[in-house]
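Before any questions on how it binds or moves, here is one chain, the form predicted alone, in structure tokens.
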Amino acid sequence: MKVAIVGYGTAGQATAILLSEQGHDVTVFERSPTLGPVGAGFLLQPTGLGVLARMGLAGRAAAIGQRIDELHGTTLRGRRVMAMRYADRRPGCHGVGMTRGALFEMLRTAHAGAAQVRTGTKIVDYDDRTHTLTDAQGESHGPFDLVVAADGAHSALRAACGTQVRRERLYPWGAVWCLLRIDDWPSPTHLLQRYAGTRSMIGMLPVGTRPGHDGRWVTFYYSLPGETVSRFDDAGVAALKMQVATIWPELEAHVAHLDRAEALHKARYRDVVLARPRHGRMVVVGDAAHAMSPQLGQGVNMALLDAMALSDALVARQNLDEALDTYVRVRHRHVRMYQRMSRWLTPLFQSDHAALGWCRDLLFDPVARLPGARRPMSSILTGELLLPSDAVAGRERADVDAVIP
């Protein structure tokens, strides 16, 4: 088929690689004038690692990233709030912390058509009658047999789904973040978080190597109200460092060099729900289809699962309509469950409701240690909730052959 992919983030890159390998004629449109990553470090879950294993890339991901065995969160007084261990899911299970730049370069290298990506082309509309795309300059592209909208949380093409867009709103909270070089970080296999109620949260995620730089890196992120993120300035940096000194004194020396707002990146989160991520011959994938708060750490992994499920559906069904219906059906329950959990859990960590923080600090860890609770909670962490056991991705070995339903 003649396929257009709009957007060259994780979802667009993975889809381009998989569909090109199937022999389709793939054209990728990217609005940025230059190709590059956007976003903080992230946690590859076993689901995402399994997709990369299918693509022959899991070994490379493990080499450039950092193995993560546990998510550990405490209050500023040291009370344990959570200790979610991958090994509670199954022996050898783990995640991999990575920088966006590392994943982007790995996928770009694997994409034979990366040099032909049409950069500086902002696609703003899709016509389901002519199966063509229109860019911001009014130029028409196509027709295409299939259009994959992978243009991110702020998707322009999502609007083409019309009444299928059930929810599209900004979360009231966000974060600022940066990468810190810390070669001797004492907890290299742990994602650490520290909470001061629900208004302040600091995280440190080891992410391994960084393209073009030496040493080992950690992503530092700090929770803030959305409006504060939007107007974050040099005074905000000074206030942040004062809070770090109070909440996590051991980090004070690592952030001392931050003195300008430009040294930190801003992140605002969207909550996007599509009743049906399809309109005619256009299918919506990744954050364009289901952006959510990063509390569950599933964004990149969901994008990779989308790409694999779409490519598998196209192989399994001769008819395009049937293939797209299969894709929608396969991904629906998994995506919807994580969207709901993200919406429910976010106020426990980022909100103005102090009482929720007290309840979280008092109950979260004891409940997690109840008999029979560890395995279900670890399935949420790994991204495998509602995925059948034979769909679990990338277990202990980089060469595992995962089967995504």
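Numbering starts at 1 and runs along the sequence shown. All values reported here derive from a predicted model rather than from experimental measurement.
There is another form of this protein, the form predicted together with a small molecule, and it is not shown here; the text below is about that form.
Q: Looking at 310 to 318, 238 to 246, 78 to 86, 266 to 274, which one sits within 4.5 Å of the small molecule in the model of the complex if you count heavy atoms only?
A: Selected range: 266 to 274.
Q: Would L305 sit within 4.5 Å of the small molecule in the model of the complex, counting heavy atoms only?
A: Judged by the heavy-atom cut-off of 4.5 Å, L305 is well away from the small molecule in the model of the complex.
Q: With the partner left out of view, is R54 within 4.5 angstroms of the small molecule in the model of the complex by any non-hydrogen atom?
A: Residue-level check for R54: no, no contact with the small molecule.
Q: I'd like to check something about R100: if you look in the model of the complex, is any of its heavy atoms closer than or equal to 4.5 Å to a heavy atom of the small molecule?
A: Judged by the heavy-atom cut-off of 4.5 Å, R100 is in contact with the small molecule in the model of the complex.
Q: Is there a non-hydrogen atom of V284 within 4.5 angstroms of a non-hydrogen atom of the small molecule in the model of the complex?
A: Flag for V284 set to no.
Q: Which listed residue (L107, V218, V148, I123) meets the criterion of a heavy atom within 4.5 Å of the small molecule in the model of the complex?
A: None of the other options qualify; the answer is I123.
Q: Among the candidate residues G73, G197, G208, G297, which is the single one with a non-hydrogen atom no more than 4.5 Å from the small molecule in the model of the complex?
A: The option sitting close enough to the partner is G297.
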